[in-house]
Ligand code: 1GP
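Just the one chain here, laid out as structure tokens, in the form predicted alone.
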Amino acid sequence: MREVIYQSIVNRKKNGQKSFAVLIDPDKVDAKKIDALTAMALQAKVDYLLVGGSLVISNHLDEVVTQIKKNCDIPIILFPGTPSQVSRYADGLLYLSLISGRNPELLIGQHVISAPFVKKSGLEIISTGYMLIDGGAPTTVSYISNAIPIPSDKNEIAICTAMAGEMLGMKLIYMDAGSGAKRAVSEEMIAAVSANIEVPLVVGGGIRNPEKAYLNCKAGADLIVVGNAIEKDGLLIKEMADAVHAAPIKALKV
């Protein structure tokens, strides 16, 4: 199985380069907005485009992905909320296992159902240990997943969960406060998790400004994902990307 996207993330990590991804929710964009977002992403030198959401009720995932493809050559990675959110026109897919929850359907159940379809899609599949972190408010993902987030001040739980995910073979660990979170994952938790795993660490949710994106990278995040803030102000793409790409190589010590 090809690993072009994953290898690029790993290589960037090895070279001390932080990565920035813009999350596009198919439910919240039309053709005009896609054109504007991709133009700004190209100008800002965004590393990856994530496409997906917790619901995706618009039923035009393929159209969104193909339009992005026409506009730019930035790798498109699906960030699916359910097994049905798969488009063969994308480049890769985060195969998410909610390792922070105890819902068996999101640990392995839905994967068993979706596996044949996902394999036939031809997409690059990136197994991802997904960790939901309390962001101070109920989020769509916490409601849909019926999962209790890891408390924001329980670094030891986050550390052990991430370590378990890595040892189970997950290629990425993704810590997410969720869309609409009142607060993002703390730098302290990011630093603690980063110091205890070797695989790339992805962080998203509640990141509203370039300073927070920079601090998260400085703490040890390898890939920053921003969606909600950019939906409100597309001009933030350039500022966020610049902040992430300017972050120092070494993570904070814990």
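Just so we're clear, the structure is a prediction, and the values are computed from it rather than from any experiment. Counting begins at 1, following the sequence as shown.
One more form of this protein, predicted in complex with the ligand, exists but is not displayed; see below.
Colleague: With the cut-off set at 4.5 Å between non-hydrogen atoms, does Gly206 touch the ligand in the predicted complex?
Modeller: Flag for Gly206 set to yes.
Colleague: In the predicted complex, does Asn228 have a heavy atom within 4.5 Å of the ligand?
Modeller: Yes, contact at 4.5 Å.
Colleague: My question is simply whether Gly136 lines the interface with the ligand in the predicted complex - judged by any non-hydrogen atom within 4.5 Å.
Modeller: The answer is no: Gly136 has no heavy atom within 4.5 Å of the ligand.
Colleague: Would you please decide whether Ser179 lies within 4.5 angstroms of the ligand in the predicted complex, comparing each non-hydrogen atom pair?
Modeller: Ser179 belongs to the contact set for the ligand.
Colleague: In the predicted complex, do Tyr6, Tyr48 and Ile126 all reach within 4.5 Å of the ligand through at least one heavy atom apiece?
Modeller: No residue of the spot touches the ligand in the predicted complex.
Colleague: For the chain shown here without its partner, which stretch in 171-179, 70-78, 118-126, 151-159 has non-hydrogen atoms within 4.5 angstroms of the ligand in the predicted complex?
Modeller: Result for this chain: 171-179.
Colleague: At a 4.5 angstroms cut-off on non-hydrogen atoms, which residues of 8-44 are near the ligand in the predicted complex? List them in order.
Modeller: Only a single residue, Leu23, comes within 4.5 Å of the partner.
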